[in-house]
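First comes one chain, alone, set out as structure tokens in the form predicted alone.
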Amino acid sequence: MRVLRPSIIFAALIMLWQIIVWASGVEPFILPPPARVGIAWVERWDVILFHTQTTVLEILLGLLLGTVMGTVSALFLAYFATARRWLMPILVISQAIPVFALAPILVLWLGYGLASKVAMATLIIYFPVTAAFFDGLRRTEPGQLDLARTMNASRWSILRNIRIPAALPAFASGLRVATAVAPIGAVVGEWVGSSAGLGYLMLHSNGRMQIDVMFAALFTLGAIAVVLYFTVDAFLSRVLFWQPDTQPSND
């Protein structure tokens, strides 16, 4: 059922899409039918695959850098109280600036190549990981901390052996959110300025009125996001095998 249910939902959405095309009589250059998008994907699979490789690389590098930076920042904030008092307001204020508004600046500074797109993805991923992990670190069971202090455990020992393991479920939740939004940063960067990637292909196809190719690139991007999310989710479920799933199951 875990495989059958998503397949049924996907088929139902495709049917709904086709019904909307039939009922509205909309022109293909506005909303192409599913079959036409499928044909475009088959005919242009080599081009789509080339741009897919670029976007996937940008997403993976951004996810790696954003996760590492977010993890280090959360540990730094949790361990040093002085840093927390000074840096936490800056971290919160920085999120008031729309990340998308930084894309033209990043392209100006880092150029039209891979670096600006990776930086964009890193910025989007960084805050969910930092916020979730830091929140988990500061919500450790007080009884465990009191017991550790009674036994004269050092701050580093408490952080390594108690606070970090206790915060891993929160970290996993932040990483899942970061994985879901990771493609946004890469694609926005490609929209602002690039010569490769699915975002570039979508803009290029739209300018040439190749709407079926644009939709094919869009669905390819969606498939990448879904596969990446469930891959990370399965990995985290295996790593955190000791964390029980308390969600009730009625089916």
Partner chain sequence: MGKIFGIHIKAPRIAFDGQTLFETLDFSLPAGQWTCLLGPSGVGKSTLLRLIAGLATEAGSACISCDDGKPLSGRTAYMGQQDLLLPWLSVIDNVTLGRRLRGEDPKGHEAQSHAKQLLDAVGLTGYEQSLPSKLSGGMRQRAALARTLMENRPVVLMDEPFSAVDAITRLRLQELAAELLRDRTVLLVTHDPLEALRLGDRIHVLSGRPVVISDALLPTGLRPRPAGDPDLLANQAKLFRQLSAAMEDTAAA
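Positions refer to the first chain, counted from 1. All figures in this text were calculated on a predicted structure; none of them were measured in a lab.
Same protein, other form: the form predicted together with its partner chain, not shown, and the subject of what follows.
For the three marked residues, Ser157, Pro165 and Trp242, a heavy atom of each sits within 4.5 Å of its partner chain in the predicted complex. Shown alone, this chain has one stretch from 101-109, 170-178, 157-165, 79-87 that lies within 4.5 Å of its partner chain in the predicted complex by heavy atoms: 157-165. Taking the partner from the other structure, its partner chain in the predicted complex has no heavy atom within 4.5 Å of any heavy atom of Ile93. Put simply, Arg139 is far from its partner chain in the predicted complex: not one heavy atom of it is within 4.5 Å. The closest heavy atom approach of Ala148 to its partner chain in the predicted complex falls within 4.5 Å.
At the 4.5 Å threshold, heavy atoms of Leu114 stay clear of its partner chain in the predicted complex, well away from it.
Residues are counted as partner-facing when one of their heavy atoms sits within 4.5 Å of its partner chain in the predicted complex; in 122-145 these are Glu141, Gly143, Gln144, in sequence order.
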